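Encoded as structure tokens, the following chain is the form predicted on its own, with no partner shown.
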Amino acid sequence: MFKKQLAISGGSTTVPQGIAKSWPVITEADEEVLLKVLRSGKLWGTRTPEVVGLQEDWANYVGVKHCLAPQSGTAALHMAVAAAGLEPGDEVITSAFTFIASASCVLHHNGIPIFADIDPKTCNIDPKKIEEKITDRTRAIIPVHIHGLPADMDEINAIAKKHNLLVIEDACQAHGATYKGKKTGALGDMACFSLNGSKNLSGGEGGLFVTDNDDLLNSAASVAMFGEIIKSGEARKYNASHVGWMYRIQEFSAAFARSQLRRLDEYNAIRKRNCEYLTERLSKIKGIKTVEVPDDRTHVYFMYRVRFDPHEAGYDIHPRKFREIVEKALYAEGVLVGQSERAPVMAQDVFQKQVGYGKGCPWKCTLAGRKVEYVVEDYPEAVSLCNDYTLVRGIHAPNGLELMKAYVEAFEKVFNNLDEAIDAAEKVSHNPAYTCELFGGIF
């Protein structure tokens, strides 16, 4: 077989420059709703038309009774943790592989995050690893629908029911995904979504909190509004009942998200088509492990993840080094690849050093129930994933199969020339795939 010289060693680039278009897709309809807000003069407040409309639209879309729209997905998670009744030193279990907000939201309310390892097939929290983490201080479980694939919610809900725990879905990356016919957001006691500009449903910035429970709604609303309890139809009393925050979303973000919501299913379908094409083609290449989607759920592909296996490819190289070599070669070919989470979340300094709010709070607080340490090696599946995965960007609208075909060609080219890639990568000291700019600064 004729082998083309790799771009990393001086050959031509496979993916045409400029072919990959950015996200989100902004239309004239989006521009018009933002101008409408500006012209209305109603730019802030708790009951502005676009905020109220977004909350109603999203509740109807998900299939739940209530929705609140705070300023971020992180704020939504904190509201949920607070609504769960978390007290200082209480514990919440979440995934060992996730963005830090899934755990830092617990710290925000003086609680202690506890981590469970992941299922290597889905890369979501492994239900079999949860029960051993439960103590008398555990109050909730936060399963994360990582990269847009729902977690094993039946098993998780059964564990929560057995131990009288609340379930808070971190659906920040899973807008519109389904599990056994129900949308994410309707699978637990509460759920949280992000409207960050990178997400499947973009508001620029913003978040969404949903629940069917009236009491949880009221508690979350109070946290988001300075700790005040504001009843519908009554005048605001400006009296904080407890410590609260100011988590209101802006009217512009709400309006933009509402406009984008009208095209969410269409855009998700494009992601699905693009990623299923990649899976069908890349799964045939030795050394590449593609995404596995169980039959009982749908994936909305916030990001498309592949894993590299050097031994299957015929090389006795550590998986992390092999992955870095392949990333460098793919990036040189024009494929937008790189990692977001580069280690299990508990490996970050905030958990290893446990400085917290100063002097070790909440871990060393007198109200903490026990000593908690985070040993990264206790989460072997999350460690393994961080060694060998990469994310492929550009799988969103308006990009289509033309770009996906170019990506596949680049993957095939690199894996047909791995000896050359290994030799050339040793001479490349800087890997541009590891810059936030590649992902628009979203990580």
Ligand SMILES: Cc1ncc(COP(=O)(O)O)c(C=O)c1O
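All residue numbers are counted from 1 along the displayed sequence. Remember, it's a predicted structure, so these values are computed and weren't measured experimentally.
Another form exists, predicted in complex with the ligand; not displayed. Remarks below refer to it.
When the ligand is considered in the predicted bound form, only one residue from T122, T279, N196, N268 comes within 4.5 Å through any heavy atom, namely N196. Checking N200, Q260, T98, S253 against the ligand in the predicted bound form, a heavy atom within 4.5 Å turns up for just one residue: T98. Contact annotation: T211 falls outside 4.5 Å of the ligand in the predicted bound form, judged by heavy atom distances. Residue contact with the ligand in the predicted bound form: G206 places a heavy atom within 4.5 Å of it.
Put simply, A151 is far from the ligand in the predicted bound form: not one heavy atom of it is within 4.5 Å.
Under a 4.5 angstroms non-hydrogen atom cutoff, the ligand in the predicted bound form has V144 among its neighbouring residues.
In summary, the region of this chain contacting the ligand in the predicted bound form, judged by heavy atoms within 4.5 Å and restricted to 126-134, 69-77, 182-190, 361-369, corresponds to 69-77. In sequence order, D170, C172, Q173 are the residues of 149-174 having a heavy atom within 4.5 Å of the ligand in the predicted bound form; the partner itself is omitted from this view.
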